[in-house]
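Two forms, one chain: they're shown below as structure tokens, one block per form, named structure 1 and structure 2.
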Structure 1
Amino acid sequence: MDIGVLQNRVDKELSSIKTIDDVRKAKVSLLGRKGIFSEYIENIKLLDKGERKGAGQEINAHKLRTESRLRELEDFYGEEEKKKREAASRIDITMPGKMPLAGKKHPLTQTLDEMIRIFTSLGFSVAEGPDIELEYYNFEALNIPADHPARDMQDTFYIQNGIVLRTHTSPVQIRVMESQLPPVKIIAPGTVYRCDNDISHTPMFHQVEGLMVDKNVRFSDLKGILSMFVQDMFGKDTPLRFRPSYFPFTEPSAEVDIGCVICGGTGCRVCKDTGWIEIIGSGMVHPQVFRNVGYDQEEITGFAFGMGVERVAMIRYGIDDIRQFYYNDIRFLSQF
């Protein structure tokens, strides 16, 4: 056994290493199961007993040195190789990225969802009613008798004798009160219909109705709830005012105005130079409405409110033509 030959063979292998691949090959040919060192270690058996120990130690020491040297070479060529790979991986990162497919909810739905979120957080639950409604629920039960002047304010689509497309979501109030006892705390979002079609009217639009009935519900509570809604919907510093108005099914009635978001209150076309925009109709439930649903109006009180989803969305997004919501133009829908 000639350690010198081993030394030569190892040195030759190591010195021929030029790449990381050479390192890997050398690892196999030197240190592998059938490598040079294995061969020499195997051959130790052939030596005399007395020589075995010394040769073994010498080969082992040699092997350790070789291993260490190979690690060095591996690190060096590994690093070099990595750099090359990285360099080769160059791409033009200014090329456009691939967007995932993403759709959008209609802006009215987004606005409505937000309104529902706010009112449910204030303890209201959602109620529904039919779009095709009995004239009784749409009018009479809400204290709007057949010849009442308030019917002049609404242009109703008629379906049959006594059946209409609901002109507001208020009939849901009646349906809910007829089916349960107080306390009642609901909102009723939905589609409503009026015979109107121009830049500020569509024959179908959306409203959210609200109703809270219990012992000791006060006008001041109405102010409290609607103030919280306005602040959540339009921002904490949104100015708002309550002003007397008229609805047949509330008494007293109040219109809620918010400071014009377009001009900031200095006056513009949107707010008709008043600095205020009307957004909510509201009031204390009229005693006649309670009598109509069989509630004891001496015992309980309540407030109701209603607002147009389109109007809120128009204010929220700065849209000036209500019909935009119904063209379903993708260039419109994709903006929200």
Structure 2
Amino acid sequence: MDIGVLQNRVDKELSSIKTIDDVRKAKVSLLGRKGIFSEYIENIKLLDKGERKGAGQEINAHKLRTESRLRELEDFYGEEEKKKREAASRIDITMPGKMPLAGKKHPLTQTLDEMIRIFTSLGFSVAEGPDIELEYYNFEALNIPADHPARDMQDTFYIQNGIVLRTHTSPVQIRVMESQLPPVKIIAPGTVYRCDNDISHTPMFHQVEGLMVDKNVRFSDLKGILSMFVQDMFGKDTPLRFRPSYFPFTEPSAEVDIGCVICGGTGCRVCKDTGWIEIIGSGMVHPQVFRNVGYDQEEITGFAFGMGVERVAMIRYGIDDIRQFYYNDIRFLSQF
């Protein structure tokens, strides 16, 4: 057994130590159960009986020196590591502070706030209802029975029998009319859900629906209210048209289109090359809806309308893909 080789191996291991982690590794490789010293002590039994005692004493003496040296290195590099941690955690109060990024309202929230501001300035109050809705309120009470073809237009998410994720905020109108007598003048902002997903539709989106019920409410009142809204939201020079349409809960019904702000009316993929974008569905409340809530349709009339907040925001800000609102890209959101 060559003790000189042991010395060289130990010296080589000690000389490679540069950090406290190296010290810990060296303690294992030198003094551990499978370390260098354990290896030499195990091999003592291979020596002649007369050589064993001297070899054992020499190995133990060298082991003691190594342990002492490792303690010194551990103290040294441990203190060095401590100083590094303290330096890293120290706050220099003379350094200029970092300004935190200020949060902003999401563009959809900004748009919804503006829509609510406009309608409340016209005398409407805000009403809300549940996102998870009974089929009765989502369909039947709005003159959409189970066999009605309009059910196919809704692309509904069914939770279980008789319960759905609401496809529009019109159920709020029914709940309000059931709970109070005319006059009623409300808007119902909220989240709605449909199985639809492309550049102008998302499975979850937001709507603002409106309802005005009283004696002698006319279609001209509806046109006046919506014209004022469009001019306030998009500017007084915004092209506007009312186009006959069909909704089961209104009769007569009309859709409101405005000139496409993306292409300026020349035609693009957002307006489907028509130069117009439909933003509002509207009409006079169907007599059957009044009967369903117990109103006397001979005494009162009313109109209803609904629009998507995302669609309004796209037009207002010139955005050609509705999905941008939900990507949470800070570069996009910080523009608003």
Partner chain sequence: MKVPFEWLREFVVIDMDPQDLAVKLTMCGLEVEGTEKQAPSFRGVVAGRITGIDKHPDAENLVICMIDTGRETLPIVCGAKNMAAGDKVPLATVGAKLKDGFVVEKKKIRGIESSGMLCSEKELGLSDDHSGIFILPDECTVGKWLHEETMVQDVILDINIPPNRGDCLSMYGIAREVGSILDQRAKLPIFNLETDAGKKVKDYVSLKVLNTDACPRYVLRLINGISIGTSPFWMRNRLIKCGMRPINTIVDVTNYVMLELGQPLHAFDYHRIRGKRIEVRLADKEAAFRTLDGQEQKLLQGDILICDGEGPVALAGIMGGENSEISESTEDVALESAYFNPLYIRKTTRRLGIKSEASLRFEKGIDIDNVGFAAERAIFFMNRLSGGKVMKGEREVHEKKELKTLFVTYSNINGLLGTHISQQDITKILRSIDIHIKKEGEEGLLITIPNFRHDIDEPADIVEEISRLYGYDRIPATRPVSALSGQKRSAREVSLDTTKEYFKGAGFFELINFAFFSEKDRENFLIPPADERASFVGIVNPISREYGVMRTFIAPGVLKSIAYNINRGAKNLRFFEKGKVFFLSGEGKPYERTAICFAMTGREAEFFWRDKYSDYDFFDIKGIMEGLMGAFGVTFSLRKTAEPFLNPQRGADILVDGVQAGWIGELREEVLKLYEIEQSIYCAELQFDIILQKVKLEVQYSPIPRFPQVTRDFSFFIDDLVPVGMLTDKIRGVSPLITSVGIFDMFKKEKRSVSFRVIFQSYEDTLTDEEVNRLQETIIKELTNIDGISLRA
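FYI, numbering is relative to structure 1, first residue = 1. Nothing here was measured: the structure is a model prediction, and the numbers come from that model. Note that the rigid core is defined as the largest set of C-alphas that superpose within 1.5 Å between two forms.
- Structure 1, rather than structure 2, originates from the form predicted together with the partner chain.
- Annotation: Cα of Lys84 displaced by at least 2 Å between the two structures, core superposition.
- After superposition on the rigid core, displacement of the C-alpha of Phe303 between the two structures stays below 2 Å.
- The two forms, fitted on the rigid core, differ between the two structures by less than 2 Å at the CA of Val176.
- Superposing the rigid core and comparing between the two structures gives a CA shift of 3.7 Å at Thr266.
- Superposed on the core, the two forms differ at Tyr40, whose C-alpha moves 101.1 Å between the two structures.
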